[in-house]
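So this first bit is one chain, no partners, the form predicted alone, shown in structure tokens.
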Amino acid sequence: MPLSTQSQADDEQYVLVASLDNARNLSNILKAITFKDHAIFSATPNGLKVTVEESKCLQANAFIQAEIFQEYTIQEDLVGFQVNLTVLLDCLNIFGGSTVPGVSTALRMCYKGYGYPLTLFLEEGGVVTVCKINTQEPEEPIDFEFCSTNVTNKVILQSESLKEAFSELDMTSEVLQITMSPNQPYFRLSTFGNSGNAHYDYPKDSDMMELFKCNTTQTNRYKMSLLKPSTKALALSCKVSVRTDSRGILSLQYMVRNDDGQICFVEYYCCPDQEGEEE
């Protein structure tokens, strides 16, 4: 394949090189966190972490492990840059994001370091396109200080059941209220929209519930406008972990299986709506 025959001398000038036989495996996971133009890329020897944020209330992270890539070479412990995510996705889909069986776009993503563009070599059917995307110095992502020791409640659901809940709840509601409790109603989603109040309950022994570990009763409200971007990740995922900590911060962790059957993770953090029903 032409992309893999580039000389080793070329590689030595890059601090990061990542190659994929199928660019869709990257573009799909990035679509799951695309709700702002800019994203922070943090590359370590373990893989890529891509972060998108909204007004210090919402953060989305996509994790693409090094093993997902056919080639993954990094010269430093941490390589970071900020890039326009919309432009990057346009480049990844430059051949139209073909879904024809047996036809895929190969990707080789290279970065020389601070001040240099992110260079993409994309190949499909023997045609190679080179895209160079300007990078900026990365901003420091918000640290939500969400750690497992402070998690009070956690459930793991089949994604299908959460999709069903969202289809039945009233999405005109300004907030989504989440109740998690060791007692009934166990796990309840509530909306307060134009057509009245609606609740969706999950029994803790439901077939759709893979794990139920609730230690205390918590009811928190989250702005629907902040949660809506996460439905992109939900649509791609097979399982979702819903966690809250003692402050009411919500973690939604989605398990996404790519075209090759490999697993990636997308995580959203959302702060509770302190104003309740008021704006």
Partner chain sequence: MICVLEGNGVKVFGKAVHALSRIGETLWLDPGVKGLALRSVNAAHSAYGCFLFSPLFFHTFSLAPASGRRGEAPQCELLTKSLLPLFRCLTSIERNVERCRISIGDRSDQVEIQFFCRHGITKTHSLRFQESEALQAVFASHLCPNVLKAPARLLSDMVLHFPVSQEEITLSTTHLKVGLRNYSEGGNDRRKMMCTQMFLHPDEFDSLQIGVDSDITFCLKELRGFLSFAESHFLQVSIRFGAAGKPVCFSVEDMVLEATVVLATLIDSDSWDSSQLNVADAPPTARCADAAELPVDLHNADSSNAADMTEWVASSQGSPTMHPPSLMQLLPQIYEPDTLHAPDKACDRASATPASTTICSLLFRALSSELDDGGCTSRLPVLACYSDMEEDMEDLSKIPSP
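As the structure is a prediction and not an experimental result, all values here were calculated from the model. Residue numbers count along the first chain shown, from 1.
Beyond the structure shown, there is the form predicted together with the partner chain, which is absent from this document and is the topic of what follows.
Of Thr129, Asn150, Ser161, Gln136, which residue is found within 4.5 angstroms of the partner chain in the predicted complex when only non-hydrogen atoms are counted? Selected option: Ser161.
Answer with one of Gly115, Pro141, Pro203, Pro182: the residue that has a non-hydrogen atom within 4.5 Å of the partner chain in the predicted complex. Partner contact (heavy atom, 4.5 Å) among the options: Pro203.
Region of this chain that lies against the partner chain in the predicted complex, out of 115 to 123, 82 to 90, 195 to 203, 67 to 75 [heavy atom, 4.5 Å]: Residues of 195 to 203 come within 4.5 Å of the partner.
For Glu168, is any heavy atom within 4.5 Å of the partner chain in the predicted complex, or not? Heavy-atom contact with the partner chain at 4.5 Å: present for Glu168.
Touches the partner chain in the predicted complex: Met208 (any heavy atom, 4.5 Å): Although the partner chain is absent here, Met208 would touch it in the predicted complex, with heavy atoms inside 4.5 Å.
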